[in-house]
Each structure stands twice: as C-alpha cells, then as structure tokens.
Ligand SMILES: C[S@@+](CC[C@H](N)C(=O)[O-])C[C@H]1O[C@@H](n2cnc3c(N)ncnc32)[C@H](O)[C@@H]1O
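Starting off, we have a lone chain in the form predicted alone, written out as structure tokens.
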C-alpha cells in the first residue's frame, strides 16, 4: 500500500478498517486519495427535499427552522436541503409528506431526466420501493401522465404504497413483477433502473459494509445488472430515455454494464450535467479492458467532491 494511502487511514478505532483491497481498487481512480478516504470516514449528514405536491418550500423551511433545524440549501436542487440540529425523520412535516428524507445522490436519477419527465406520458420506475425516487419522479411530472412503480419484492410494496399516499402521489400504479418478466406489450417514454448492487458507495451511511467488502461481489451483481439494463432498454419506445444508476463505485457494476448495452443495442449515452454539482466522467478502461468511448458520458459521483455518498448515473437514449 502506498505511503499516501496509509497516511489517509488515520487512527479512528471506531471506524472499520478500510480493506487494503478496497483502496487498491479505488485509489487509482480518484483525483485525491486523502480526500477520498477522509470523506469515507465522515458521517453523512441527513438530507431531505420539500415535496411540491404537498408543500411550499419557503413556508416549510420556516417551520423546520422554528423547530431548531439548521438547514443548508443545495444550490444544484433548490428543493433539497442538508439538515443538522434535528432529525427530519421525526418531524410532523415528514409525517405529513411535506418533506421526504432522502440521500442527496438518490435525487440525481430523476433530475438527469427532468426534461423528459415534464412531458412524459408513461414512465416506469423499475425498482421502486420504498418510493424515494418514485415520489420525486411523480413530483417532477406534476402528478400528470402515468407512472408505473414496479417493486419485485412484494413485502416492500407496503412501504411503497404508504409513501405514495403520504406524499400525495396520484398518477402512479404499483406493480409486482420481476422486471425480467415485465410484460413486453407496453412501451415507456422513460424507464428508471436503479439496480441492486454491492452498495459500496454508501460507506458513509453504512460503514460496516467495509467489514465484509470483497471485490468479487461485483461479479455476482454484474450478471443481474446486465439483464436488468437490457430489459429496461427493451421496454422503451424508440427515442425514449433509460436512466441507469447504482450506489456502487465498482466499474464492474457500472461502466462494464453500460458498455455491454452499447455493444448490443442501438443506444446512445447523453451527458447530462447538473449545474453546481460535480459529476466526473465515467472510465474509458478498467483492468486492461477498454470500453466504448461513449461510456465516459456516464457520470461518477465521488463522495469527496460534493460531500455525498458515492454513486453512478447515466441517461441512455434509444435509437429511433
């Protein structure tokens, strides 16, 4: 291990040891190893967004500040706030659906498709529970059009249904398909595939991920992710947009999966900047494998760049 990496680890005994293998995999990919490791060791602040289907932003913020909340508005998403001083989960505003407590990176997939959502007639959120992105998508659609919230795990549809009702979502129906078995007789304007993954971008929220981290886990998820991104793409109408995302840092679960789609389908990645939020172009090669050049239009989110979790997101357009 390099001296720089070793120095970054510090001596915070309460934090799980960062595996050497973890650092050997990701250190060469980041611009600043010390900043990267330091961010992993910093607990993630609570964040939420005001729900425009239920509330007006300024009035809601005024109420929360009276409760003792110290809020920082996100310049890149005026409805989103970082919160200290109180737990937003415990507020009446959350109970009533005026706000939705959600990690900042989880808000990105709907935002990169915001333009499409304002005019979309039919949208699919393929892995919907517990409803964080689904309720945000419905809000960006202004409760218009039709949104299908698909959750393959029947037990999780209860929380999905509760959150849709709490947030005043009216344009959404819930389905309970394994996505790979989703009916083929429907074509969507926008499909969101927030794929199951190794979740190693969420260390700031769940440090214990480091205790069991193994790079081989990415291979297990990659095969499923390839099937899911393919199915999501097949469900698009010509010209429609697929948003693929994971909370993994692994190129095996991100660039490799997107490269697979590009090599097998008439697909085009669109670089979708989020003003005032730092996105890093995806990799063009990893461990000796070279990806299609267009893969770099996908976006990586490193935790030290925006004080968030790690994430990956891309918008892919289907050929006409």
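Positions refer to the first chain, counted from 1. These numbers were taken from a predicted model, which means no experiment stands behind them.
The protein also exists as the form predicted in complex with the ligand; that form is not presented, and the subsequent description refers to it.
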Students should find that, of 207, 145, 130, 97, the residue having a non-hydrogen atom no more than 4.5 angstroms from the ligand in the model of the complex is 130
Ok, 249, 123, 126, 242: which has a heavy atom sitting within 4.5 Å of the ligand in the model of the complex?
-> 126
Check 46, 105 and 111: does every one of them have a heavy atom within 4.5 Å of the ligand in the model of the complex?
-> no
Can residue 156 be called a contact residue for the ligand in the model of the complex at 4.5 Å between heavy atoms?
-> yes
Is there a heavy atom of residue 196 lying 4.5 Å or less from a heavy atom of the ligand in the model of the complex?
-> yes
Residue 164 within 4.5 Å of the ligand in the model of the complex, heavy atoms | no
With heavy atoms only and a cut-off of 4.5 Å, decide whether residue 200 touches the ligand in the model of the complex.
-> no
Listed range touching the ligand, judged in the model of the complex by heavy atoms within 4.5 Å, from 81-89, 68-76, 172-180, 209-217 = 172-180
Heavy atom within 4.5 Å of the ligand in the model of the complex - qualifying residues of 202-225 | 224
